[in-house]
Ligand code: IPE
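A single chain comes next, written as structure tokens; it is the form predicted alone.
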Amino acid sequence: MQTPKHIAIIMDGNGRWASKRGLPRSLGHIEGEKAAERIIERAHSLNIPYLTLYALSIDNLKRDKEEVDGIFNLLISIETAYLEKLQKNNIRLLILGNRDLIPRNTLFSLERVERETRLNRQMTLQIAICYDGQDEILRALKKAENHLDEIQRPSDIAKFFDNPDVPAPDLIIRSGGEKRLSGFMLFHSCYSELAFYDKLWPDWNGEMLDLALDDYSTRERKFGKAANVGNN
């Protein structure tokens, strides 16, 4: 079975999940965090080396302040509730996004987890927070402005991105029914396989990840080459 080295997930549908049940959107995000934990556990058990979860986009910062603050507070719980588990399971945490836009207390907490888990190598977990693909490209160009003579091919730009040692995602999944990337990993997704599912994020579990992987295993990744049609 063909297994992706890097899976990236747009975790969509927390607010709609809560609204359908007459609950505050904040409760949807709490249930979404539980779903994220289930997916991390399943990916770890399958020996997926890299997993990226899209937690908050820059555009999401325009939402109601109470909702956004609630998401930032949930991210602080990575340190308080999950650091020990990350260490036990040899999982490295990386932040993907514009750190200047992350509140100081949330950033302080996440960066501590980054430091504490920096030597872990069984799996790398990227949390995309205050992230936008165009913003990452812009920030990379600013870093590269004194090194333009070194850039001869697209791969030369990669070392200026947030986490240059993380490979491009083989598979990008989006929950919640929308069929777009919404600015997610624009540079990195050039040859990523895409999978869209209607199920809202809080309802996701390991079986949904297995479903996506079964779908991925049937695909032929051509990278611009002609399809293999066999010999007759």
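Numbering starts at 1 and runs along the sequence shown. This one's a predicted model, so the numbers in the text were calculated from it and none came from an experiment.
Beyond the structure shown, there is the form predicted together with the named molecule, which is absent from this document and is the topic of what follows.
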Does each of 12, 16 and 56 have at least one heavy atom within 4.5 Å of the named molecule in the model of the complex?
yes
Quick check for you: of 176-184, 41-49, 203-211, 159-167, which stretch puts a non-hydrogen atom within 4.5 Å of the named molecule in the model of the complex?
176-184
Taking the named molecule as it sits in the model of the complex, is residue 199 near enough to touch it, meaning that at least one heavy atom pair lies within 4.5 angstroms?
no
Give a yes or no for residue 71: in the model of the complex, does one of its heavy atoms lie within 4.5 Å of a heavy atom belonging to the named molecule?
yes
Please determine whether residue 221 contacts the named molecule in the model of the complex, using a 4.5 Å cut-off between heavy atoms.
no
Can any non-hydrogen atom of residue 67 be found within 4.5 angstroms of the named molecule in the model of the complex?
yes
